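Take a look at this single chain, the form predicted alone, given in structure tokens.
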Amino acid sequence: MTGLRLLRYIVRRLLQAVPVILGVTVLCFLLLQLAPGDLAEVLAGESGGASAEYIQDLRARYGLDKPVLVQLAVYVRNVFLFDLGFSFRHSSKVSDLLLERMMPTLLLMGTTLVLSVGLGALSGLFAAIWVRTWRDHVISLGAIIAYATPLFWVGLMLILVFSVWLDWFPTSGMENVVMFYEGWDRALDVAHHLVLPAITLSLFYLALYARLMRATMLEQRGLDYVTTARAKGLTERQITFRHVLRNALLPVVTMAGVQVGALLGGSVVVESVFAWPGLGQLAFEALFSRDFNLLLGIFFISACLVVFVNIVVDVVYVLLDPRIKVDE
């Protein structure tokens, strides 16, 4: 495939993503309108109660007294102008808050993807090679247990064992702010805090990819091209790593792209358990404070992230499987 054709494919996918992101933004806005209460009621409640006139004045000040369709039109226009609004709860621009909290979430998600896809695919590969042996049974049983265990329980148990009892890792946070680390010392401190949250979020997806990889490897080994390769005199090792593995990775790569949205949802739980200062914890706080501008900003940036990752996955899929025609 030429670089120009691949570039045209990427541009076409980016253009197709625009209506998707717009549709997600509109849908999230309308769904939030169904939630009980609004920012004015929350602010009035925190002040110990207020008159109906004061609440109405707050709604007028924040533009909540306008019809829903008018509010939607104003918000969509602002989004196209790259203005995500103002968070009255945090007294800051939504875009500034998102930029501040995005890097911790991307760090957690990126580490989780590398661990879950890498170790999951490797575990599934070995389980398929050792099929119907005790090692295959151990890997499959471990995957089932990891898949069935709730994330919050895993996080709490890891904190109890490795933080409270053994004192190997910190219980919460992203870094030790009182130490004022810089350079490599700060990077090591962040990595030390990242271990338990990344393991907690990775276990579920690692089990998923391990099971998928094992099933795909066994399916591929029964196809005609493997029989042809054996007839040509190739060894089982050559067949596995030259042919079967490459084809078996395709469903895993596809699943990794699809699971990015679920990964963002899982990060809400993990970030809350470990007080990780990312978008998940910010969304949790914004929901209870009825900070709809901030929630919509989080939904918007999450939709952009999911769409971008899926485009990357599509490109990787094309590179792995030359049979796919990007011009079609």
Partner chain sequence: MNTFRQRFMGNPRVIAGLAWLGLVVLVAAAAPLIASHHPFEIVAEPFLIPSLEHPFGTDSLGRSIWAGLVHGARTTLVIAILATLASVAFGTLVGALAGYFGGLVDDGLMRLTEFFQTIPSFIFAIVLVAILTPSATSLIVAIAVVSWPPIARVVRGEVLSVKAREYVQAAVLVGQGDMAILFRQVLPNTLSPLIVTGSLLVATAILIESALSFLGLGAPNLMSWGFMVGAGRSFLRDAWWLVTIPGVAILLTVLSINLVGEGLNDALNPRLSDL
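Positions refer to the first chain, counted from 1. Small disclaimer: the values here were computed from a predicted structure and weren't measured.
Keep in mind the form predicted together with the partner chain is missing from the figure; the text below concerns it.
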Which of 108-116, 94-102, 158-166, 181-189 sits within 4.5 Å of the partner chain in the model of the complex, heavy atom basis = 158-166
Go through 195, 252, 218, 226 and name the one with a heavy atom inside 4.5 Å of the partner chain in the model of the complex.
-> 218
Answer option from 81, 231, 177, 148, heavy atom within 4.5 Å of the partner chain in the model of the complex | 148
Site check 34, 171 and 272: each within 4.5 Å of the partner chain in the model of the complex by heavy atom = yes
Looking at the partner-bound form in the model of the complex, is residue 144 within 4.5 Å of the partner chain by any heavy atom?
-> yes
Although the partner chain is absent from this view, report whether residue 302 comes within 4.5 Å of it in the model of the complex, heavy atoms only.
-> yes
Please check if residue 77 has a heavy atom lying within 4.5 Å of any heavy atom of the partner chain in the model of the complex.
-> no
Residue 153: heavy atom within 4.5 Å of the partner chain in the model of the complex?
-> yes
Residues within stretch 249-284 having a non-hydrogen atom within 4.5 Å of the partner chain in the model of the complex = 261, 264, 265, 268, 269, 272, 273, 284
